[in-house]
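A single chain, nothing else alongside it, follows as structure tokens in the form predicted alone.
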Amino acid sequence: MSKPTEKKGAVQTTGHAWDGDLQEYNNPLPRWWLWGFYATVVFAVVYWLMYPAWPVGNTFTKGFNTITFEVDGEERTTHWNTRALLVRDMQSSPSAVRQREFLEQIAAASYEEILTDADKLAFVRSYAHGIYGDFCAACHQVGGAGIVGLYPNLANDDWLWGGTVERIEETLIQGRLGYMPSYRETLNADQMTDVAVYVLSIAGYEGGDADAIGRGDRIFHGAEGGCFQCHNVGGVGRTSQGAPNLTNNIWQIIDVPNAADHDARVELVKSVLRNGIQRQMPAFADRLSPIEIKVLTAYVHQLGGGQ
């Protein structure tokens, strides 16, 4: 077998041959690929030096690149990390600067100006939506519909503690304690039935016995029940006590409108009389800044139509 001849200037082979003339060429790597590989090595070394990279025991190499941001008005410098970068961007990025400008305008404006200015109200809806989602939506739901029996509906313009911006702001700052006593030891089953029938009658439901309505009226407005002291003489509620209006067919604790019949509605009302109500909304004065409370107040006000 003769050795194949190589032409001058041709690419060298590895010296291996198969079937006499099948050879493996020894082509060099393309220059562009080789320099690209060297560049990635250099980039990796520079990155390891500048940024957090390698674990060392229970810590890591933090790099020599730093980042500066503000905490409570004081500058703080730390090694580069994405959390610090986010904080700095939220403080100094163009969008953050624009946001602060709007917040300053909101802080200087009255509630009337905020609620009647389209631009300010649009900013309130956008900015407060995040605050509401973080602090309020877990109970009152994303759209403010609440949960029957647990958390009030904020979107129906029925305000237990008042729907003015002053009252909403007060609610956010100091929280609320919703309370209705249990009548388990005060009224017997028949008396509870009479009161339930009367309450349903002033809410617009028919089907109750006239005598039972009369007896329930006397208990409601008398010393036995004393319900009028919180719910008012006409049953229209009292915002100073957070006592609901019983005449508007809006039910926060029990789902009366979807009850099967009159007897089922009576049993629902009796369950409230029997068990009472205890629920609490936390105060947010120590969780939110004054401007955040102001923005959230305007947001909740327009969410339910306000007063």
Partner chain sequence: MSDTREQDYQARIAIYPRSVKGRFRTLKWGILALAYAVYFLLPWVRWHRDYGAAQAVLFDIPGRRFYLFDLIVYPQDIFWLAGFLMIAAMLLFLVTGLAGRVFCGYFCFQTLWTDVYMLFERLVQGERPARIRLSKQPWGAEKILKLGATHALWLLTAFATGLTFTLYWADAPTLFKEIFTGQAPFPAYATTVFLTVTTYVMAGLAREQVCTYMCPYARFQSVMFDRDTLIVSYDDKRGEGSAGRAKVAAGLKTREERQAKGVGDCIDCGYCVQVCPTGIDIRNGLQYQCIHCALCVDACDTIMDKMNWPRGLIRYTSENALEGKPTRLLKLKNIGYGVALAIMVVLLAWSILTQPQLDASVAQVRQPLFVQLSDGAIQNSYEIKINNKTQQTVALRIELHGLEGAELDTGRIDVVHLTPEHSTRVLARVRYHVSDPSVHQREILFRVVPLDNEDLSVLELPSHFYSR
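This is a predicted model, so every value here is computed, not measured. Positions refer to the first chain, counted from 1. If you superpose the two forms and keep the largest set of C-alpha atoms that fall within 1.5 Å, you have the rigid core.
Although it is not shown, the form predicted in complex with the partner chain is what the next lines describe.
Asks: What I'd like checked is whether 65, 190 and 262 together line the partner chain in the predicted complex, meaning each has a non-hydrogen atom within 4.5 Å of it.
Replies: Not a single listed residue reaches the partner chain in the predicted complex, so no.
Asks: Quick check for you: of 67-75, 174-182, 116-124, 84-92, which stretch puts a non-hydrogen atom within 4.5 Å of the partner chain in the predicted complex?
Replies: Of the options given, it is 116-124.
Asks: Could you check which residue among 36, 276, 28, 55 gets a heavy atom within 4.5 Å of the partner chain in the predicted complex?
Replies: That would be 28.
Asks: Considering the partner chain in the predicted complex, which of 134, 112, 104, 211 comes within 4.5 Å of it through any heavy atom?
Replies: Filtering the options by heavy-atom distance leaves 112.
Asks: Can you tell me if residue 138 lies within 4.5 angstroms of the partner chain in the predicted complex, counting non-hydrogen atoms only?
Replies: Looking in the predicted complex, residue contacts with the partner chain do not include residue 138, since no heavy atom lies within 4.5 Å.
Asks: Does residue 50 reach the partner chain in the predicted complex, with heavy atoms at most 4.5 Å apart?
Replies: So residue 50 does not count as contacting the partner chain.
Asks: Tell me, yes or no, whether residue 61 is in contact with the partner chain in the predicted complex, where a contact means a heavy atom of each within 4.5 Å.
Replies: Because no heavy atom of residue 61 falls inside 4.5 Å of the partner chain in the predicted complex, the answer is no.
Asks: Check residue 147 for me: does it contact the partner chain in the predicted complex (non-hydrogen atoms, 4.5 angstroms)?
Replies: Heavy-atom contact with the partner chain at 4.5 Å: absent for residue 147.
Asks: Just to make sure I understand: among 136-156, which residues lie within 4.5 Å of the partner chain in the predicted complex, judging by heavy atoms?
Replies: Contacts from 136-156: 142, 143, 145, 153, 155, 156.
Asks: Fitting the rigid core first, would the Cα of residue 257 be found 2 Å or more away between the shown form and the other one?
Replies: Not so; residue 257 is displaced by less than 2 Å.
Asks: Can a Cα shift of no less than 2 Å be assigned to residue 17 between the shown form and the other one, given superposition on the rigid core?
Replies: Shift at residue 17: 2 Å or more after core fit.
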